[in-house]
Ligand SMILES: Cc1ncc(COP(=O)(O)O)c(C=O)c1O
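This document starts with one chain, in the form predicted alone, laid out as structure tokens.
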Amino acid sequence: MTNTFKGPDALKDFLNPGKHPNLPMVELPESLNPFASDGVRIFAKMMGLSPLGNVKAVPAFNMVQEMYKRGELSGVERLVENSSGNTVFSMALAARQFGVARTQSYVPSEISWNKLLMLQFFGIEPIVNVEPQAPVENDPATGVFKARLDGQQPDAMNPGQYENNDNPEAHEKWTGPQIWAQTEGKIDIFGVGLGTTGTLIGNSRFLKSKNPDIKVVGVMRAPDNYVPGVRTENLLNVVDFAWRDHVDALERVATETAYLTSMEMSRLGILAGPSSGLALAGLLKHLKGLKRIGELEGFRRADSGEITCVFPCPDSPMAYLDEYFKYVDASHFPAITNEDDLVNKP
């Protein structure tokens, strides 16, 4: 595969996950893997190296393409979605290739300023919504509900990433097979952050269809903690997918831990954002628990004596740089020499 895109459908093909080679998967060094001496190998699946730089590009393209195939975009002038950034950004760029030029997004009031600027840069119209802290099912105060209601207008369409089965099916179709091939079918534990839960469900479906003994660990934000792209258990109430049917264990990770773990990976060359840090931290927390109660040995392969773990890295840290200085202790950053001489000091 030359990975070259030509002709009138060049951009559409470039955005299509099915037209690309496997996204890279890289093993963590021992400095990031405290269980290396136990024969545990941990691999980061670099979903942030997709053409649009984030994991949401995979389901976003699939949702838009399948809506187009079903004729649901006929007469549609605008897409409207609830998203803090990556999903609606990817969706908007895909939609333009299928004839829908305008996209609006309900965004949480806690969205980072850089993310907001990113949406505006790409021509997406943000609608700020103050989200309830403990939403109930079909809560009319949530952005999910408002986007769904708005999408019923004659000129609009709400793809509904929290209930649209084309979301998890994208990972069942593309991501899961890549992970299976790249591990040569020797994956034992899959750890993943919980947002829309599409990545969890799609990969779990595919991987468990190949080996039902693979353990799936879902990682969520600890209560009252912030990490972009993933949710607390309360906030997962807005998700209509039966995601609990596809997960074997749950872990919770605090804000600073997610950001610090992300920064440690990034400083070694694995450019991974806060939700990547959350996924890895949750996976490590789970491995620690398995080792403490003596269950880690149950995953060891007889042929190699190894245990293989994979976790997806949804995006890079670049869109969140300002947040690291907010959530990570200052002692983790080098001092600036001659700081008083800066002309553009904030």
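This is a predicted model, so every value here is computed, not measured. In this text, residue numbers run from 1 along the sequence as written.
There is also a form predicted together with the named molecule; it is not shown, and the following applies to it.
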Check: Can you check whether residue 275 is within 4.5 Å of the named molecule in the predicted bound form, heavy atom basis?
Finding: yes
Margin query: With a cut-off of 4.5 Å between heavy atoms, is residue 158 one of the residues that contacts the named molecule in the predicted bound form?
Written below: no
Next item on the list: Indicate whether the named molecule has at least one heavy atom within 4.5 Å of a heavy atom of residue 314 in the predicted bound form.
Entry: yes
Next item on the list: Report whether the minimum heavy atom distance between residue 204 and the named molecule in the predicted bound form is within 4.5 Å.
Entry: no
Next item on the list: Select from the listed residues 189, 92, 253, 230 the one whose heavy atoms reach within 4.5 Å of the named molecule in the predicted bound form.
Entry: 230
Check: Which residue, 176, 143, 195, 218, has a heavy atom that falls within 4.5 Å of the named molecule in the predicted bound form?
Finding: 195
Next item on the list: Using a 4.5 Å heavy atom cut-off, indicate which stretch of 258 to 266, 117 to 125, 195 to 203, 130 to 138 touches the named molecule in the predicted bound form.
Entry: 195 to 203
Check: So which bits of 75 to 94 sit within 4.5 Å of the named molecule in the predicted bound form, heavy atoms only?
Finding: 84, 86, 87
